[in-house]
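Given as structure tokens, the chain that follows is alone and in the form predicted on its own.
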Amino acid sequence: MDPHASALASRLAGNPPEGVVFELEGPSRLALRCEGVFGLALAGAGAPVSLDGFPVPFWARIETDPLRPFVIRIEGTRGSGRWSYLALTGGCRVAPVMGSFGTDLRAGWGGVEGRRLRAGDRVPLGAAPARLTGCFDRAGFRIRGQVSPWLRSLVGSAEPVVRILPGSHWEAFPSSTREVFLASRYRITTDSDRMGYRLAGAAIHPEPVLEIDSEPVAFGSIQIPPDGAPIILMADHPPQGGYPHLAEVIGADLGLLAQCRAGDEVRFRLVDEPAALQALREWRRGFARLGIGLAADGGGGNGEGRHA
């Protein structure tokens, strides 16, 4: 749901940006007994986390002693934000579906039997560096490089202003209606889910009423159903939709939007394509700098026979 936080957690753990992660929503709790794990990282909304009872932070690489099993506990999101991510060094060995390691709960595909994790599940881990990078204290871990505050700020905000580009039917809405949309605050409703965030606020309608064929849609497409209440398509969106397509959330702000919870308010700001591309380039530059810093820590070798 938050592609930026997911990529940051994965990269901090020493994995590719698209590596397998554990995704937790809101108050969800997770406890994993880990064996042969060389490191981990957490990113996203934030929650109390401990390794064998010792607190550890989000947004950092945590190197662990692979000879010492441990239990990691994530107690659930506190404060702002909705999605948290745990990445284990080396990733997890799950079968991809159509090129993705994700779990589609509606279709029952991917991940572990296409469902949420439950007590007793065993998740085999992939290969990881087989060398220790130093001595560990009595807790059996140490904290390395952390994500910069600037990168973290792109993932969540208490009062997000989400940047948008005009959609395919932007001009079908009167200028006065578009102005209302941009000037209004919209609240994320409780019937929002992974497929779409529904918004409560000023209703808007095209003039005249549009009858359109279904067209391709994307993560971040803002559609307007007959009742005038905008819907923002999210990570589990369908491949196409038949509602008027008002706008598109820019790629750099998808994480900012995804972290909104039911009851949170969001505003929108119209930008042009060069500004959207510049925002994405800035994100990529920051992410690349993180990668360069982590690469300086070294690596090499492979380890096997691990599981969580």
Partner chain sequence: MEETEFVECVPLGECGLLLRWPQEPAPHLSRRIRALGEGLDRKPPPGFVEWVPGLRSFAVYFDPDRRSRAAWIEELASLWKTLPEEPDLPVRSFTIPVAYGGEWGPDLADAAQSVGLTPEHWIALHAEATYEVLLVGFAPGFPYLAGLPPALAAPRRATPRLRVAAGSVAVANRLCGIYPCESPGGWTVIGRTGMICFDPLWHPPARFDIGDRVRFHPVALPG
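Just so you know, these numbers come straight off a predicted model, no measurement behind them. Residue numbers count along the first chain shown, from 1.
Keep in mind that the form predicted together with the partner chain is not shown, yet the notes after this line are about it.
For the residues Gly263, Pro239, Pro55, Pro27, the 4.5 Å heavy atom test against the partner chain in the model of the complex is passed only by Pro239. Residue-level contacts in the model of the complex: of Leu182, Val94, Ala229, Ala218, one residue has a heavy atom within 4.5 Å of the partner chain, and it is Ala218.
Proximity of Ile250, Ala276 and Arg281 to the partner chain in the model of the complex is complete: all three residues have a non-hydrogen atom within 4.5 angstroms.
None of 114 to 122, 86 to 94, 182 to 190, 208 to 216 except one has non-hydrogen atoms within 4.5 angstroms of the partner chain in the model of the complex; the exception is 208 to 216. By the criterion of a heavy atom within 4.5 Å, His169 is counted among the residues contacting the partner chain in the model of the complex. Looking at Phe101, you'd find every heavy atom of it more than 4.5 angstroms from the partner chain in the model of the complex. Contact annotation for Leu165: at least one heavy atom lies within 4.5 Å of the partner chain in the model of the complex.
Along 171 to 203, not one residue places a heavy atom within 4.5 Å of the partner chain in the model of the complex.
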